[in-house]
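The chain below stands alone and is given as structure tokens, in the form predicted on its own.
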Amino acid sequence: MVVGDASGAGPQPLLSVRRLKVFHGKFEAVHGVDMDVGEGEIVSIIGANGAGKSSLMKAIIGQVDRVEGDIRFDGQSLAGRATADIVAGGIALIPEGRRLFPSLSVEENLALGWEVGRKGEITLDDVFELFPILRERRRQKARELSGGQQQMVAVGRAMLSNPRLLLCDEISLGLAPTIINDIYKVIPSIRERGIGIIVVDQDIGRSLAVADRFYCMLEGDFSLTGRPRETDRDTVMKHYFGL
């Protein structure tokens, strides 16, 4: 069952995914899905472990073995493009597990986003305004930070690449509730810059609370799409678990 508007992003969305299949070796992790994300739109992808959410994110950023189907960003195909080229073109990924350089300082980790990304108006001061604690810790090594502070650095690094589309993969994983709240509070302010955002998270409540639309993923397919305010929780949970 699919409810709601699966596109909702106008004639040419910022991101358009059509009939996408994702393969890891011979294993097909995603089975021909369609998805749109508009400029300045927050789209949530929810689903249990192994549903295919991270495979979908990695396919968009060019980090999987093989894909079939069509991924278009601002009308241009991403087929065959290297990850570095995709990032420079305006897509940034906040990866699951953060993947910082532990021996580098906070500021050095943040600077990497600026170096590899698209040149734009977002600066280091903008990141420090989002996360004031990082200004205080800017000279500290990443390994000396708490998990929540490291996640803030990961978000800031992605922001400094000046993306038009931000992919957030399991941004609350392993974090304390207060830190999760802090991370989620900045998502609407990022959207205010006109950035499209995909939030992938197992925290259904927080993810849907910030989203304009959502896709529920089950065993490599979308089992439900809709708008959070128009879809009751029981319906979401049935499609989340495949009941």
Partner chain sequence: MFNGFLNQIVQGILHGGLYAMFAVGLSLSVGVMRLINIAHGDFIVLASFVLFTLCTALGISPFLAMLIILPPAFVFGYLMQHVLLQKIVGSSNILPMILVTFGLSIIIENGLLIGYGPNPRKLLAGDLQIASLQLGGGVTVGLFPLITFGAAVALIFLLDLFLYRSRIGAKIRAVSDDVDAADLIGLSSKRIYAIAMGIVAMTIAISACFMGIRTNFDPSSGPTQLLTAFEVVVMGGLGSLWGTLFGGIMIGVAQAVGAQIDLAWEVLAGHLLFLLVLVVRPQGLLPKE
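Numbering follows the first chain given and starts at 1. Quantities reported herein were computed from a predicted structural model and do not represent experimental measurements.
Keep in mind that the form predicted in complex with the partner chain is missing from the display, and what follows is about it.
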Assert contact residue (the partner chain, in the predicted bound form, non-hydrogen atom within 4.5 Å, options 120, 147, 102, 132) equals 102
Quick one: of 160, 93, 171, 153, which gets a non-hydrogen atom within 4.5 angstroms of the partner chain in the predicted bound form?
93
Interface membership of residue 141, the partner chain in the predicted bound form, 4.5 Å heavy atom rule:
yes
Should residue 108 be counted as a contact of the partner chain in the predicted bound form, where contact means heavy atoms within 4.5 Å?
yes
Tell me, yes or no, whether residue 124 is in contact with the partner chain in the predicted bound form, where a contact means a heavy atom of each within 4.5 Å.
no
Would you classify residue 213 as touching the partner chain in the predicted bound form, given a 4.5 Å non-hydrogen atom cut-off?
no
Of 39 to 47, 203 to 211, 55 to 63, 179 to 187, the segment with heavy atoms within 4.5 Å of the partner chain in the predicted bound form is residues 55 to 63
Relative to the partner chain in the predicted bound form, which residues of 106 to 125 have a heavy atom no more than 4.5 Å away?
108, 112, 115, 116
